[in-house]
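The chain below stands alone, shown as structure tokens; this is the form predicted on its own.
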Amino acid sequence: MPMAELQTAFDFPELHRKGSRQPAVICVGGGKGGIGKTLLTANLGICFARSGIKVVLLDADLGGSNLHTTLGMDLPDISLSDFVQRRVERLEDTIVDSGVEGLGLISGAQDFLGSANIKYTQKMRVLKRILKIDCDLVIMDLGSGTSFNVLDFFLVADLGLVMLVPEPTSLENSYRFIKSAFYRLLKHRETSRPILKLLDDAMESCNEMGIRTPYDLIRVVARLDPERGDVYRSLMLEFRPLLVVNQVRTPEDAELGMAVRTACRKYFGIDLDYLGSIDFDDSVWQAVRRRSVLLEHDPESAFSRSVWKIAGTIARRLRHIERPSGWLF
């Protein structure tokens, strides 16, 4: 498809939640660092902004934020930490101009110790305010790993993207991330102390009950409380992260997405949606080195074309959002 058609092949739905307009929220996560989450976040934001959509990028990599660098910007004078530390009262006051029309940026917290481990009350205040930002779309760049903060940012999104590269470590970490996100979701929905204890134990890989997968967990829960077991099965069916495979070099790499989807369905009971792949492109690291945005610098590159296709698929998915405000609220 010609690039001009890719750039106009999607429109964006207006979402109305609980009687008032709120932004759609997308996050880009994954179990491993250095796999391209920040690059995808920045370039997706530009795709949507160039399509006339008001977008805010939020750097939620609390321990190592660098989304501004990917956009070719210097470190902004104001950041998420100003809101967390209550130096400003409104999250919107931390939005800075990215230099791309229609695209704002909330830079990550960098200027206080422990920023990666903000308190629960601070985190929930941020998450609730994200859903009130005056824009069409918020795209969040998450940190790596499976800390509760990372998982909670992932679960607040309408669409959660899990990114991986065709490497064994990335694949293993992606499985762990998906499983941990589902367990964290269950914890947010659970009130029974014995079941909460069971969930905590299940998150340990070498637990005494032999729980290795969500299937195992639900089987144990159903024995204790059949009604809760049915609820957990329903949540498993609704929990559908979106998978993106980055740095694809071969046809086998591109097929990895479907293989991961099949494995998750078979062993976890979680049915991922394979969003698409991003071709390996030598010009990506060159753009990073010169602090330029590849989508702007070389819109015909293999990377740029891949990102435009993914943006179009995301826009179509957003038309069918059923859960109104993410998983947490």
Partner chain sequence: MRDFREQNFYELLDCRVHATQQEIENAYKRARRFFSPDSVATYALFQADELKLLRQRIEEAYQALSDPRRRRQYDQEMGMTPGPLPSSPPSQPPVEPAGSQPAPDLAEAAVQDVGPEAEEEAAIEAPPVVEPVSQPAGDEPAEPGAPVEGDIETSSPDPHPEAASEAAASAPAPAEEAEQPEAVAPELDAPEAPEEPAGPSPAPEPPERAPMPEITAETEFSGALLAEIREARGISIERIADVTKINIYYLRLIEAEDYSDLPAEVYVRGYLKQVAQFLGLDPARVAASYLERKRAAGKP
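Positions refer to the first chain, counted from 1. Keep in mind that what you see is a predicted model, and the values were worked out from it rather than measured.
The same protein has a further form, the form predicted in complex with its partner chain, not shown here; the description that follows concerns it.
Among residues of the shown chain, Arg219 is one whose heavy atoms approach its partner chain to within 4.5 Å in the model of the complex. In the model of the complex, its partner chain sits beyond 4.5 Å of every heavy atom of Asp134.
In the model of the complex, its partner chain sits within 4.5 Å of a heavy atom of Arg212. Its partner chain in the model of the complex comes within 4.5 Å of no heavy atom belonging to Asp77. Put simply, of Val96, Ile195, Leu171, Met203 only one has a heavy atom within 4.5 Å of its partner chain in the model of the complex, and it is Leu171. Judged by heavy atoms within 4.5 Å of its partner chain in the model of the complex, the contact stretch among the candidates 66 to 74, 50 to 58, 274 to 282, 33 to 41 is 274 to 282. Scanning 234 to 255 for heavy atoms within 4.5 Å of its partner chain in the model of the complex gives Ser234, Leu237, Glu238, Arg240, Pro251, Ala254, Glu255 in sequence order.
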